[in-house]
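Take a look at this single chain, the form predicted on its own, given in structure tokens.
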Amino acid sequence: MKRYAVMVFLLVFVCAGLGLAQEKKFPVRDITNVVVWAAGGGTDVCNRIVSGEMAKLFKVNINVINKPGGVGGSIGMNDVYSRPHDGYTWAGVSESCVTAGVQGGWDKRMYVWDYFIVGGSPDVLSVTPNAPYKDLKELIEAAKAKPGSIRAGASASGSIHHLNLLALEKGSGAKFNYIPYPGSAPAQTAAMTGEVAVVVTSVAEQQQLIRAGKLRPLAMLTPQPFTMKDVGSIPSSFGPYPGLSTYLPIMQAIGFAVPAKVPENVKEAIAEVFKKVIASDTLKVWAEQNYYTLSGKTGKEAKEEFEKLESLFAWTLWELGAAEVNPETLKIPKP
């Protein structure tokens, strides 16, 4: 009887050990990264480069797909959150996703995610090459003279680019005819084809178009000017319009997220490989060439950054009259 009891104990011990080992092994199959913005934009590009490098270390495929739409990336976020919280489905997100709640597309706070932040690039306002405005002041004066007559493109309502356009209007007194697009790439295409006269996206997203002469930068939506290789210095919008400092600057935080309820050992495995990739020469060279500042934040630090962005974006949109839901309703604290 004792011998039987010992055998049962050993069997249970071995099975428990095997189960623990299996739990720690991640990933055992392919991962899907659902980018909540359109293909070709900054969030898409960042997630593809990072996912590709992480796949090499994980030794599984990380399939990047795009599921734009809704407000603040809400369609993609809702899709990912509805799937099993096992770490095999990621949401490719950006700072603009924090506005989904006050725009009525997301009924949760952003702390239901854990984040892996790649980094970001500053926003620039550009016009079509044949636009009659030689600088930002001429553009603003034209927009003031005929409010709503100048079509300005940016990614979806509530995105950082839309928010920057709203801040420019508020700080300068101009009024544009805002045309929303499902991502930065479609907005830039619209500017090149003449569908809109003005576009607001990041330097990283516009760089090749600016170099090719397909877009002409007028001003950075940051306190400092910005120097681009082969292009020169792009002036700050803060000089002629100091009132912008009330709302700007707001920097990007691009990366991916997993539901906070994903097992801790899985999130640790993802974070370990993520940090290795961010620290790699491949990412450093890519970031420098494409005007990105790398972050690499994970865990509590990354979550705190998104909570601050949620507070700032939500209340800024509310104060600018561009939010449908009062942030107080969602219990989002004021910044």
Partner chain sequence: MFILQQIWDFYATVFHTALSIENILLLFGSVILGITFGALPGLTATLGVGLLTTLTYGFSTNAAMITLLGMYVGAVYGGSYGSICVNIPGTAAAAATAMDGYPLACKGEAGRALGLTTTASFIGTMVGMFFLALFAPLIAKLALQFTSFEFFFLAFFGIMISGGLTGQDLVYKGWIAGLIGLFLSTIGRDHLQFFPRFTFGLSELDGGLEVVPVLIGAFGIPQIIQVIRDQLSVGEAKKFQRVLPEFGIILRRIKTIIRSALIGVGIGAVPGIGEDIAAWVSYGTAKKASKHPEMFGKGAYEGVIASETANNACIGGAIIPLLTLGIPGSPPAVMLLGALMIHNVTPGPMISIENPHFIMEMTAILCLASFATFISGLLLAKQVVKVLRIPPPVFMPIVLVLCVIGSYSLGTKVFNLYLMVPIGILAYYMQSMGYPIAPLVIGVILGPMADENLRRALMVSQGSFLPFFTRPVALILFIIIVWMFISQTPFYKRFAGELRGKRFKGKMANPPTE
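Positions refer to the first chain, counted from 1. This one's a predicted model, so the numbers in the text were calculated from it and none came from an experiment.
Not pictured, yet referred to below: the form predicted in complex with the partner chain.
Asks: T89, Y115 and S121: each with a heavy atom within 4.5 Å of the partner chain in the predicted bound form?
Replies: None of them does, since no heavy atom lies within 4.5 Å of the partner.
Asks: I need the one stretch from 271 to 279, 42 to 50, 305 to 313, 26 to 34 whose residues put non-hydrogen atoms within 4.5 angstroms of the partner chain in the predicted bound form.
Replies: Looking at the other structure, the answer is 42 to 50.
Asks: Look up in the predicted bound form whether E319 has a non-hydrogen atom within 4.5 angstroms of the partner chain, and give yes or no.
Replies: No.
Asks: If you check in the predicted bound form, is A212 within 4.5 Å of the partner chain, heavy atoms only?
Replies: Answer yes; at least one heavy atom of A212 falls within 4.5 Å of the partner chain in the predicted bound form.
Asks: L248 near the partner chain in the predicted bound form, any heavy atom under 4.5 Å?
Replies: Output for L248 is no: heavy atoms all beyond 4.5 Å of the partner chain.
Asks: Quick check on D135: any heavy atom within 4.5 Å of the partner chain in the predicted bound form?
Replies: No, D135 stays farther than 4.5 Å from the partner chain in the predicted bound form.
Asks: Just one of G148, P242, P84, G232 has a heavy atom within 4.5 angstroms of the partner chain in the predicted bound form, so which one?
Replies: In short, G148.
Asks: Sort through T222, S172, S157, S126 and report the residue having a heavy atom within 4.5 Å of the partner chain in the predicted bound form.
Replies: Flagged contact: S157.
Asks: For the stretch 163 to 181, which residues lie within 4.5 Å of the partner chain in the predicted bound form by non-hydrogen atom distance?
Replies: Contacts from 163 to 181: N177, Y178, I179, P180, Y181.
Asks: Since the C-alpha distance between S157 and T316 changes by 3 Å or more in the predicted bound form, give its direction relative to the shown form: closer or farther.
Replies: Closer: S157 and T316 approach by 3 Å or more in the predicted bound form.
Asks: Hey, the CA atoms of S155 and V71 end up closer or farther in the predicted bound form than in the shown form, with the change being 3 Å or more?
Replies: S155 and V71 sit farther apart in the predicted bound form.
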